[in-house]
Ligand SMILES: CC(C)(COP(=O)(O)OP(=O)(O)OC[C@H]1O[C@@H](n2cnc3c(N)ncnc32)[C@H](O)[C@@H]1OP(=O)(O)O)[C@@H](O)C(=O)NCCC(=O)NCCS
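Just one chain is shown here, as structure tokens, and it is the form predicted on its own.
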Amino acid sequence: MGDLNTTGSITRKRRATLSAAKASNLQPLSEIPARLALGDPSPENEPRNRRERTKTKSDTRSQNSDISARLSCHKTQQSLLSSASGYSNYRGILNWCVVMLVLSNARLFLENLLKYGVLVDPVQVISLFLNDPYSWPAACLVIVSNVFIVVALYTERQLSKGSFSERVGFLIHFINLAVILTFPAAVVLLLPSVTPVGGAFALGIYTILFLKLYSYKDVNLWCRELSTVKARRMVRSLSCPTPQHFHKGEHKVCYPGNLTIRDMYYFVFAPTLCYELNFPRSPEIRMSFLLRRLFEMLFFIQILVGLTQQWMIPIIQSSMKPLEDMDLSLMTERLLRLAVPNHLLWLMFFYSFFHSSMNFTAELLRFGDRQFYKDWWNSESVTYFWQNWNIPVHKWCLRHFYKPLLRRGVSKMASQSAVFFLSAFFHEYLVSVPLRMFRLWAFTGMMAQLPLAWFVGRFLRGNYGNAAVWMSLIIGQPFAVLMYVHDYYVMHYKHEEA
């Protein structure tokens, strides 16, 4: 009995297994797993086989590429220093130039210290402004300038009310502007207590005031013209800005609501020469930015004074004898010796004035337009340099002098020449009057920019033009400095030594 039961159970198990096999064989072909079709019935081996096949293919490709690299190692390409390569990252070379410049000038500075000793004297700087400690003529001149500001504001108020005719207003403005230029010049020339440095400072303030009040006169005249024709938009000035210039809590001022003491003195102190009824304003005063600019101003003033006393003055003094003897070789040597420190001081002055001081003033007044200069160091023509190194003056010349000449039918070349002539006049005015001698070196130097601009624009391009601009800056300025210093020395000290 037991054997029969055992045999029956085995038979039932075989039948169950055969039934399961038949059922699996009856499954549709689409339901067969992909691994059975690939001949790998084991799920555990699927990732390993895929990796092995991928590795085999990648190994084959790497072997092929390695063989190709060994067969060919060249391709069409340009040298990095070639202009056709498009390469522009020369930071390492620039750093090398800076290091070489610092090392060479450090040697010259050390040689100067060993030869002349320490010449820096801060007390001597004060004497450049004051002959008599109880008499401040240059400061008094600056204080008197408020009279001309009040006259211009009063005239515009009377014109807005119709109390003055346009002809009378023009006459008052003309006299006011003429006196702004002649009165301080007469004081500097006739008053011996005004030092050359103090006189240059006072005349610089009056020149800036002249340009500002001229712009003030023009813009208010344009506003009256627009109100006469009942125009809604100002075409020839930016006195009606778009709403993005204003921040929360600010409102737009319209003519004649701008004719106030507050508006006038904001414009007088603002770092611009072109007047607007509504200047773009920054949202707030950034104290960290303000303090950085203040530190830069104080630092560069000390550096400028120290380098002038220690470096430039000894070279200038040693240049007097070759200039008197007309020794061309020694004159050239002194000129080249003076070129580097003079240019270094000019660069420091540019940064301290156009970046540090003007940004400091703009931040303090929340003046929004901070474009005081552009990339003049990339100038490939003389014209581009003069248009971009001093943006406030360029804007004034373009707005109030160059374009009005074009509108009156003057040719473009004649208008450009007139702009250079005006610039040459003010350069000579700011140098000759404080020195109390008229040699026209500054005037001639500025007018010489016209043929130089034509030559560079006609014959030089790209890097050659940029090099020509740098050469004119590095060599031209010290040449003018030597000429004025020599003439001043001959006029004031030569007879005393004789």
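Residue positions are given as counts along the sequence shown, with the first one as 1. Since the model is a prediction, treat every value here as computed from it, not as a measurement.
Quick note: we don't show the form predicted together with the ligand, though the next part is all about it.
Please state whether every one of the three residues 175, 181 and 210 places a non-hydrogen atom within 4.5 angstroms of the ligand in the model of the complex.
No.
Answer yes if any heavy atom of residue 293 is within 4.5 Å of a heavy atom of the ligand in the model of the complex; otherwise answer no.
Contact check for residue 293: no, nothing within 4.5 Å of the ligand in the model of the complex.
Counting only non-hydrogen atoms and a 4.5 angstroms cut-off, does residue 397 reach the ligand in the model of the complex?
The answer is yes: residue 397 has a heavy atom within 4.5 Å of the ligand.
Partner proximity in the model of the complex: residue 420 to the ligand, non-hydrogen atom cutoff 4.5 Å:
Contact check for residue 420: yes, within 4.5 Å of the ligand in the model of the complex.
Residue 412, heavy atom within 4.5 angstroms of the ligand in the model of the complex
Because a heavy atom of residue 412 falls inside 4.5 Å of the ligand in the model of the complex, the answer is yes.
Thinking of the ligand in the model of the complex, which stretch from 139 to 147, 109 to 117, 197 to 205, 422 to 430 has heavy atoms inside 4.5 Å of it?
Checking each option against the 4.5 Å cut-off leaves 422 to 430.
Contact assignment for the ligand in the model of the complex, among 473, 460, 452, 446, heavy atom within 4.5 Å
So the residue touching the ligand in the model of the complex, by this definition, is 446.
In the model of the complex, the one of 379, 387, 359, 310 near the ligand [non-hydrogen atom within 4.5 angstroms]:
Looking at the other structure, the residue within range turns out to be 387.
What residues, if any, in 403 to 419 have a non-hydrogen atom within 4.5 angstroms of the ligand in the model of the complex?
403, 406, 412, 416, 419 sit within 4.5 Å of the partner.
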